[in-house]
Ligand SMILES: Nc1ncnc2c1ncn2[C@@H]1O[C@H](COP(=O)(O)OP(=O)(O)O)[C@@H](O)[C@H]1O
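Shown here is one chain on its own, the form predicted alone, set out as structure tokens.
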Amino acid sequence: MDAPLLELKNASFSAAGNDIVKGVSLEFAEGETVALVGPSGSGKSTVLKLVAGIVVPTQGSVRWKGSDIASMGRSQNLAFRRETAFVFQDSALWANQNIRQNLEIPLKTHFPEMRSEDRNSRVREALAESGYRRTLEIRPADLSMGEQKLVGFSRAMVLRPSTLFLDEWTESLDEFAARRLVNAVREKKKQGKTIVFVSHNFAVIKDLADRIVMIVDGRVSLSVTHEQFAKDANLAQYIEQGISV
């Protein structure tokens, strides 16, 4: 059996005296699409940030290709960041940078010798994928929340990552824009990308997920394949009810 691409080993995370994630162990195979689901406040977004290396576990470890992310040297950490991308629920754009600059930052960091015309082409390509059509010379504060979401998605795609981490990436979008981003992720799935996402949208979960992991009170409550919940109406109903609270 192939080694997992990503692995949480008894990972816990605490903040301000609160235990948010409690001893979670999960494996993610290369090319797999996994939905992390659960009630609001269950810790699923924190689990996503742990596996993405955004936050460091207070106990346990998170491994990428067998290496502990927290212990990586600079070159290995840069390789991890270059191959992975995170779409934040609140977009997390740099407020003091315009849209073009926000998308150029990852390219300048990981490909400092890239020509400006090539950077511009990559930026345009990523924005076209999300459907953002306004000028690139304005700052995030001049955009709606939905437009910021599109730019945040584009920034994550600009490096053409092999692994995607998506935190409620269709929230705050109208139906057309949400469908466009779901279609974009579906295409990434067809290309064999590894995708881990958080969503409350049961239709999106059913459409994309190869596996569903339910997080309740900071722990793994359930882990089932798409085939298992597709064949079991009671299980599907349980999952749908579990993400609606």
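Keep in mind it's a predicted model, so treat the numbers as computed, not measured. Each residue number is its position in the shown sequence, starting from 1.
A second form of this protein, the form predicted together with the ligand, is not displayed here; the remarks below concern that form.
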Heavy atom of residue 58 within 4.5 Å of the ligand in the predicted complex: no
Should residue 20 be counted as a contact of the ligand in the predicted complex, where contact means heavy atoms within 4.5 Å? yes
Give a yes or no for residue 40: in the predicted complex, does one of its heavy atoms lie within 4.5 Å of a heavy atom belonging to the ligand? yes
So, in the predicted complex, is residue 33 in contact with the ligand at a 4.5 angstroms heavy atom limit? no
Partner absent here, but in the predicted complex, which of 204 to 212, 41 to 49, 174 to 182, 59 to 67 has residues with a heavy atom within 4.5 Å of the ligand? 41 to 49
